[in-house]
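For reference, the chain that follows is the form predicted alone, supplied as structure tokens.
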């Protein structure tokens, strides 16, 4: 069975209703490793050999984070800059990550309708994630659609619980089925489960 690594980055986890709730769903999940980058490296002094060893021991890499200024929190960028070395992850001889899967699990304060060509942010969320998608391609990895919790500032407990249920289901799927069984053409991983929930989120008005 594939082993899954969650690279988690949230600088204010204690204030996050969404991510605090999501990670509670990790309890009892086999073959899932949770790695909190801010907890491990409060001084940003990332242990590159250790991080590379983690990547080698896992088949699916999930970058879980809030959408921070249309990207990820700074420690995630630091991790990418240091860990994905030339000659190891890409470039001549850089084949260590070949065939592994990469995806983003993220929250966004704005609703999905804000992430459209006509919305407040002018572009769909997937376009802001293109650097991650191209990073996967450069490292010979398969990039899967993102799991997104939109409109996080507005969500009530019931909806957060629903997204938490989706989160657990998707993690189970990513550790139980083969790459060929995934629909990598979906816009969001959420759509593997309950398209109606995500369609409802898309139809919500802007904040």
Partner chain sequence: MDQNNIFFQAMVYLAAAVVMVPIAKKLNLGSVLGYLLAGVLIGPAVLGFVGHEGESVMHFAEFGVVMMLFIIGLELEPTVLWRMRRSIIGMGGLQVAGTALLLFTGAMMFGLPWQQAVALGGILALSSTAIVLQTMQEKGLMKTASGQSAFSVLLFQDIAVIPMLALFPLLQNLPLPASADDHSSTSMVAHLPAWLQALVLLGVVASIIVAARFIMRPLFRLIAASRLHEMFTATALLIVVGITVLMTMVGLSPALGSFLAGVVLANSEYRHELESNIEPFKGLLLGLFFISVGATIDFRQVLDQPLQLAGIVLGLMVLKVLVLFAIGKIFKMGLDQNLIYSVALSQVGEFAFVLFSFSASNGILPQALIDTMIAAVAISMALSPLLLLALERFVLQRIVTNTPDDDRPADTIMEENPVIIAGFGDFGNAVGRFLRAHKVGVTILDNDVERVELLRRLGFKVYYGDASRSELLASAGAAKAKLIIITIEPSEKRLELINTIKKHFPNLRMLVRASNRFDAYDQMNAGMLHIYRETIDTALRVGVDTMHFLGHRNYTATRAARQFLRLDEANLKKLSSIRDPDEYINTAREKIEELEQTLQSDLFHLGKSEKSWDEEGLIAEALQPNPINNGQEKAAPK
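Nothing here was measured: the structure is a model prediction, and the numbers come from that model. Positions refer to the first chain, counted from 1.
What comes next is about the form predicted together with its partner chain, which is not displayed.
Checked against its partner chain in the predicted complex, the residues 45, 176, 39, 161 give one hit for a heavy atom within 4.5 Å, which is 39.
In summary, the region of this chain contacting its partner chain in the predicted complex, judged by heavy atoms within 4.5 Å and restricted to 31-39, 140-148, 53-61, 168-176, corresponds to 31-39. Though the partner is left out of this view, residue 111 does reach within 4.5 Å of its partner chain in the predicted complex, counting heavy atoms only. Interface residue remark: residue 120 is counted as part of the site for its partner chain in the predicted complex, having a heavy atom within 4.5 Å. For the chain shown alone, residue 157 is not a contact residue for its partner chain in the predicted complex, no non-hydrogen atom being within 4.5 angstroms. By the criterion of a heavy atom within 4.5 Å, residue 15 is counted among the residues contacting its partner chain in the predicted complex. Contact with its partner chain in the predicted complex, defined as a heavy atom within 4.5 Å, is made by none of 77, 90 and 131.
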